[in-house]
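First, one chain by itself in structure tokens, the form predicted alone.
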């Protein structure tokens, strides 16, 4: 009669740790389901479950999801980008001004290049001048918020090019809104790059232990530069999506998105200190925050109450993130 090898039998502590890991892996999905069921019951007579309302949640969260993808890469590399809201405004305004003067191609190029250049500035200062990303992006957040305000003297710039608005915001393809296509495309590409490429592995290694990553041959400065440039480009894309959907560009675009994006990413399972993240989790976290905002509005809560709820969620998510990192 054969005997079981004791070393192959999981101990009670191992099973406990495995259970905690599985719970943490699916907590965002459980939270999403819990919030959905709560609003579905409480707001069943307020139109929460209507197709129009649910589709509005998806459309409104599309730019946030795009920014969240970039932030997953940045946080996974052990950095932070606080300038994404300002990049949204500058890119939308630059794109609108260039498009009104020189056409749709110039508008798209100007908008994306604005985000790329700001990301490049952030990346160079962080990667090669070795300044903390928190302080660098905090400074550029204020700097480019001022640029956005002075760019058009606080005026809103109308976006009347139907090809642009159809492609970036209000159009449809096969009956599906263009914003949904942008979201699905960005999520698929982001997930593949993050999980199935050498670059994604290097990003995670850099965030987990940058010294070990450097010793193993990874160019840590280049990784930091690249993720911050990616974040800038994706934030500029979000700005173009805002301009296309709203058919106007204004300095207030993206102004309140930073907290929402951070909450979506952290709630979605990306560690604040780097080394672990999830693109799919960021999507679910983004939809969760959009659903939360929508439900609170339907419940009649004020903007200040919504900010309090978002702040509490971020605190809880950061606490869980830091606790998991310390294990």
Partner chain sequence: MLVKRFLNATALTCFLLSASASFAQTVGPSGEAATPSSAITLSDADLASLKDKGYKAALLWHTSSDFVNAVSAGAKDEFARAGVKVVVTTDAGFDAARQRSDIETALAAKPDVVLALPLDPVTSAEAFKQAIADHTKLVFLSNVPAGYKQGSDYAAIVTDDLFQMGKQAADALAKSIGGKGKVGWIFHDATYYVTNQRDNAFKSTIEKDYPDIKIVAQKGISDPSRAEELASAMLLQNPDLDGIYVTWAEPADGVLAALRAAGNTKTKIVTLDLAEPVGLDMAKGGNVTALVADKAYELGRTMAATGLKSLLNQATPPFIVAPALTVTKETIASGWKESLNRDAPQSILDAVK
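The structure presented is a predicted model; accordingly, all values stated were derived computationally and were not measured. Numbering follows the first chain given and starts at 1.
Here the subject shifts to the form predicted together with the partner chain, a form of this protein not shown in this document.
*Asks:* Heavy atoms, 4.5 Å, the partner chain in the model of the complex: which of 248-256, 100-108, 126-134, 182-190 makes the cut? Say which one.
*Replies:* Of the options, only 248-256 has residues within 4.5 Å of the partner.
*Asks:* Is every one of 156, 298 and 303 in contact with the partner chain in the model of the complex, taking contact as a heavy atom within 4.5 Å?
*Replies:* Verified in the model of the complex; spot residues all in contact, yes.
*Asks:* Just to confirm, residue 56 within 4.5 Å of the partner chain in the model of the complex by heavy atoms?
*Replies:* It does: once the partner chain is placed as it appears in the model of the complex, residue 56 has a heavy atom within 4.5 Å of it.
*Asks:* Even though the partner isn't displayed, in the model of the complex is residue 46 close enough to the partner chain, meaning a heavy atom within 4.5 Å?
*Replies:* Close contact exists here: in the model of the complex, residue 46 approaches the partner chain to within 4.5 Å, heavy atoms only.
*Asks:* Can you work out whether residue 278 and the partner chain are in contact in the model of the complex, taking contact to mean some heavy atom pair no more than 4.5 Å apart?
*Replies:* Looking in the model of the complex, residue contacts with the partner chain do not include residue 278, since no heavy atom lies within 4.5 Å.
*Asks:* Indicate whether the partner chain has at least one heavy atom within 4.5 Å of a heavy atom of residue 242 in the model of the complex.
*Replies:* Heavy-atom contact with the partner chain at 4.5 Å: present for residue 242.
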